[in-house]
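Shown next as structure tokens: one chain only, the form predicted alone.
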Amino acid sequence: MTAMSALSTNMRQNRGLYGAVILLSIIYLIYNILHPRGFSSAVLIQNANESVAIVFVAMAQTIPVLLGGLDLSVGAVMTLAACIASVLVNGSPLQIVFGMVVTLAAGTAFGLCNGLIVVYGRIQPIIATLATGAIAIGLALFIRPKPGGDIDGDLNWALTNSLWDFVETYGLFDPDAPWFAPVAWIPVPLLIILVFGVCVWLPFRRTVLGRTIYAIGSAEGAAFMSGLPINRAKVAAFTLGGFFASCGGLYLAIQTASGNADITQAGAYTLNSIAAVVLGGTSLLGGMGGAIGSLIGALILRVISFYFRILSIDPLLQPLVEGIVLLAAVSLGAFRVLRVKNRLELFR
């Protein structure tokens, strides 16, 4: 009986996440049925490539939302990271690694600055990140006044295709080996999300700082009275958000083999990241949800955009459809909040 009670509680507390997983499964199944080449490795690889950037930006947005705020700079930081990568990620293997490290460090440092401004400048996150996002776009335009760049060709091919292509590109071993065949079809982009996203988020969530972030979003006053490191947790939240945003920018540069300081693109990614967070079951009030849910929410948004191609929806109508979806996503997140009389009801 105890086990059943625990399962029931888990289902209630995570119904947003489970609902998102079910929705994603249904719409992606229908998409593959409608697609002329559905249920193939080629389609899966293409879909994975187009999803990585929005997944990372959504995960970056999740952490400030768990605090009860919003980060309006995630799209701009992603764009800045892509522009930096388009300059540095080329040359010898050592130079490529150096360029990737610098790109990730730049985004992480930008997130750190956001956290310091919010904590010690005592400015609301939405205002602070609106300003720092403009700075990030300005730096991106300085680095890339026009679209361009020179990303290593082998890296571009290896990271945007299957494991078979990765192994074959770098000659690690015989890609046709029988023991390798069962996993050779797996898209490298999915592994990148697992390694740099899930494998970073899950351990962090279990740390003192990770749990403090949830406590702040639930009741900051109570978290403070409990002696939790409030300021350090807030700084860590924005810093990790900057890291995830830079991961998205780095992959976007590798995927497109260029950098582009596109202001419209940065804004679109930021808005979509908020919708993905809500679709993934994270409360806009903070304290409930997680980056895994946002990952699922981002994939839902991306799959919806895939339908535009196979259904031949007029490009002029696509922004209208996307806008309706975003509005519906935010409304779903707000509906339950409007009915809450006591915030403790969110955690029952």
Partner chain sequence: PEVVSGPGADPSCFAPWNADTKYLQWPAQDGPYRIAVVNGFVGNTWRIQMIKTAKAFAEDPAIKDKIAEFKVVSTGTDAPAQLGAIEDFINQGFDAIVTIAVSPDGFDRVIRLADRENVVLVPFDNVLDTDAVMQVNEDQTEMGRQWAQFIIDELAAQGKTGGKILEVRGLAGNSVDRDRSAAIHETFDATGGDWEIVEVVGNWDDGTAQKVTADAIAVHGQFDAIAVQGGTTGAVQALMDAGHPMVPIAGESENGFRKLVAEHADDGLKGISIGQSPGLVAIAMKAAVSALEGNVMPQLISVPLPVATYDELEDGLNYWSDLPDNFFTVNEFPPCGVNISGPAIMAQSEADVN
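Positions refer to the first chain, counted from 1. In this text the structure is predicted, and so the values were computed from the model without any measurement.
Omitted from view is the form predicted in complex with its partner chain, to which the following refers.
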Please determine, with the chain shown alone, which of 236 to 244, 174 to 182, 148 to 156, 102 to 110 has non-hydrogen atoms within 4.5 Å of its partner chain in the model of the complex.
148 to 156
Partner-contacting position among Leu88, Ala257, Leu163, Leu190 - heavy atom within 4.5 Å of its partner chain in the model of the complex
Ala257
Is there a heavy atom of Ile310 lying 4.5 Å or less from a heavy atom of its partner chain in the model of the complex?
yes
If we define contact as a non-hydrogen atom of the residue within 4.5 angstroms of the partner, is Asn32 a contact of its partner chain in the model of the complex?
no
Contact flag, Ser92 vs its partner chain in the model of the complex, heavy atom cut 4.5 Å
no
Heavy atom of Val43 within 4.5 Å of its partner chain in the model of the complex:
yes
Stretch 299 to 324 - residues with a heavy atom within 4.5 Å of its partner chain in the model of the complex:
Arg302, Phe308, Arg309, Ile310, Leu311, Ser312, Asp314, Pro315, Leu316, Gln318, Pro319
